[in-house]
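The chain that follows stands alone, in the form predicted alone, written as structure tokens.
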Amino acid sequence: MSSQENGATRPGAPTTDRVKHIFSTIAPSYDMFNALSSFGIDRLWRRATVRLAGPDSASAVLDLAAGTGDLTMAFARLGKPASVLSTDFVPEMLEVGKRKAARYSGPTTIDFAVVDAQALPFGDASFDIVTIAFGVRNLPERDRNFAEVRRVLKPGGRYVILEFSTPALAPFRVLYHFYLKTVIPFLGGLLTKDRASFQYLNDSIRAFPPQAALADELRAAGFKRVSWRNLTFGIVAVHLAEA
């Protein structure tokens, strides 16, 4: 559902200008923030995502909202597909990813492109796997993204979404939401002097649909065999959907 339909100025509601401003501003400190705020567990989440995606040496992978390229590089190093196209609509984030790819030596071809995940400039049935990590909640119109991903996936191809989600256990959920509300904006402000951007990130996580609701959105968009795997008690979840 489009954020504009529900009032784009509400806390956590993504808009193109808001998201582009935030991520162009925090790009230099984004990796450090991720490592500190997740206590390094974010690397394990990406490893699990690659494993669940199941690429092989012939796979063509499209990484959407790739940011600084951490999932792109995890696919190249661990999954070893034929190719990964790392895309984002914030060039400043991709520049960080390009520096990481320059140090890579392996069988996977890695390319970069500035792309809006809601309007993909690729032909039908172009990719075996499409991924997005911590980006789908920042899309103003998820339904457009879902339609575009289905179009560019080959029949039977997989859409793999790694995203913050809703912990299942109530006591843990309370602690997690307290952490999001207090620690995340404080830490982000300390690293970047831009506390407001990290307040948005907290709000966007709180506003994002829980696991079952996101699965329902994917089914409504026409995906098949939709499932999810909770990681770290449901702080994040990996959704899998087949075109």
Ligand SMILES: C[S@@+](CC[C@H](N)C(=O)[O-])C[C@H]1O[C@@H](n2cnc3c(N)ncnc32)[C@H](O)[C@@H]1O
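Everything numeric in this text was worked out from a predicted model, so none of it was measured. Just count from 1 along the sequence shown to find any residue number.
Separately, the form predicted together with this ligand exists; it is not shown, and the next lines address it.
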Inset, instruction - Tell me, out of Pro167, Gly79, Gly135, Gly157, which residue has a non-hydrogen atom within 4.5 angstroms of this ligand in the predicted bound form. - result: Gly135
Inset, instruction - Name the residue from Tyr30, Tyr176, Trp45, Phe208 that puts a heavy atom within 4.5 Å of this ligand in the predicted bound form. - result: Tyr30
Inset, instruction - Evaluate Phe23 for contact with this ligand in the predicted bound form, applying a 4.5 angstroms cut-off between non-hydrogen atoms, and reply yes or no. - result: yes
Inset, instruction - Would you please decide whether Val152 lies within 4.5 angstroms of this ligand in the predicted bound form, comparing each non-hydrogen atom pair? - result: no
Legend entry - Proximity of Val19 to this ligand in the predicted bound form, heavy atoms at 4.5 Å: yes
Inset, instruction - May I ask you to check whether Val115 falls inside a 4.5 Å heavy atom distance of this ligand in the predicted bound form? - result: yes
Inset, instruction - Give a yes or no on whether each residue among Asn34, Ala66 and Val90 has a heavy atom within 4.5 Å of this ligand in the predicted bound form. - result: yes
Inset, instruction - Look at the stretches 104-112, 135-143, 122-130, 168-176 and give the one with heavy atoms within 4.5 Å of this ligand in the predicted bound form. - result: 135-143
